[in-house]
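Okay, so here's just one chain, in structure tokens, the form predicted alone.
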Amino acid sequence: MERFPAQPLHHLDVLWIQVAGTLCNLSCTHCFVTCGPGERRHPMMSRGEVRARVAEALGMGVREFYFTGGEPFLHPDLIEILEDTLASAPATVLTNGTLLTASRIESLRRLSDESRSSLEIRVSLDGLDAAAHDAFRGAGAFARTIEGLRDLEASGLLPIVTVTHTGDDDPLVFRERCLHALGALGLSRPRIKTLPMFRLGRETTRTRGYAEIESLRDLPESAFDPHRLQCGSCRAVSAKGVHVCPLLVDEPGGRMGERLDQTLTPFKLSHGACFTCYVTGMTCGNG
């Protein structure tokens, strides 16, 4: 019989909210939840739904919220949703950076100034020049994203730049290369987070899915560190329920229940993405 380690939930600190569902203005060739224009497998969550989920989470000890999609800035009520949330806890918005208009940045700056909790904006890059980034995200995406990053920095909102590490070079060397490239593009104080590639969603077509060997199957109990993974302290919600993490909202078995209190049990780490998270020690969070 196949044996996979089970990840316990030590404490529920973080909630991911798929506020925009799977709707996005881009159709990235590696998107792990296959988002894009007209993609509505996961509907947008209403302001009322989000407010209820935030209240539910706060009552269970959650201390931080992440807003994702899809593209969160397609949600017509995102600024109001952030205002609601920031009244109680820090929030981060994950965005592709192409829809950061002057009025949106002004609203974000106001929220940051007036809220007692911190607001972070995280912008995704999949390459350090237009050729590399646009190969994933479409022609012109790099220019619009860099413009958004510059405008955020000019407003005093120092964005976190999430860069996909697609090569085999040393992570520290790659990070230094990212800092140098972003500095050359006009960002004076870039904050970098690197993420590995996940073989989910459209990436399974662009390259391949997970191989049988890329698994935590039969990992010896003595070798398993139950404090290594983010799913020991987080859950994700969409309009379809509660999921173990934001990576597995479309994966069979990734949905754990309808309410947060139904998802406090250990999770069997039988997915390929669990293997990537474990061997790289990564977290989707800002840390």
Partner chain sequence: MRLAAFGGIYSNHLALAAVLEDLRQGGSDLAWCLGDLGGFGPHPDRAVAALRSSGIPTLRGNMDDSVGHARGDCDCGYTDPRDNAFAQRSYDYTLAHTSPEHRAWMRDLPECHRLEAGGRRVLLCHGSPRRVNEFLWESACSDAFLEWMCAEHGADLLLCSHTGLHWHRALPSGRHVVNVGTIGRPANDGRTEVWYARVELEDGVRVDFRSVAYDHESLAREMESEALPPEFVETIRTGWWTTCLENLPAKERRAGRF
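Numbering follows the first chain given and starts at 1. Please read these numbers as outputs of a predicted model, since none were measured by experiment.
There is also a form predicted in complex with the partner chain; it is not shown, and the following applies to it.
For the three marked residues, R122, V161 and P196, no heavy atom of any sits within 4.5 Å of the partner chain in the predicted complex. Comment: 183-191 is the region of 211-219, 140-148, 183-191, 126-134 lying near the partner chain in the predicted complex, near meaning a non-hydrogen atom within 4.5 Å. Taking the partner from the other structure, the partner chain in the predicted complex has a heavy atom within 4.5 Å of a heavy atom of S112. The partner chain in the predicted complex comes within 4.5 Å of a heavy atom belonging to V62. Among residues of the shown chain, P171 is one whose heavy atoms approach the partner chain to within 4.5 Å in the predicted complex. Within this chain, T207 is remote from the site of the partner chain in the predicted complex, having no heavy atom within 4.5 Å. Contact residues in stretch 156-177 (any heavy atom within 4.5 Å of the partner chain, taken in the predicted complex) are G156, L157, L158, P171, L172, R175, E176.
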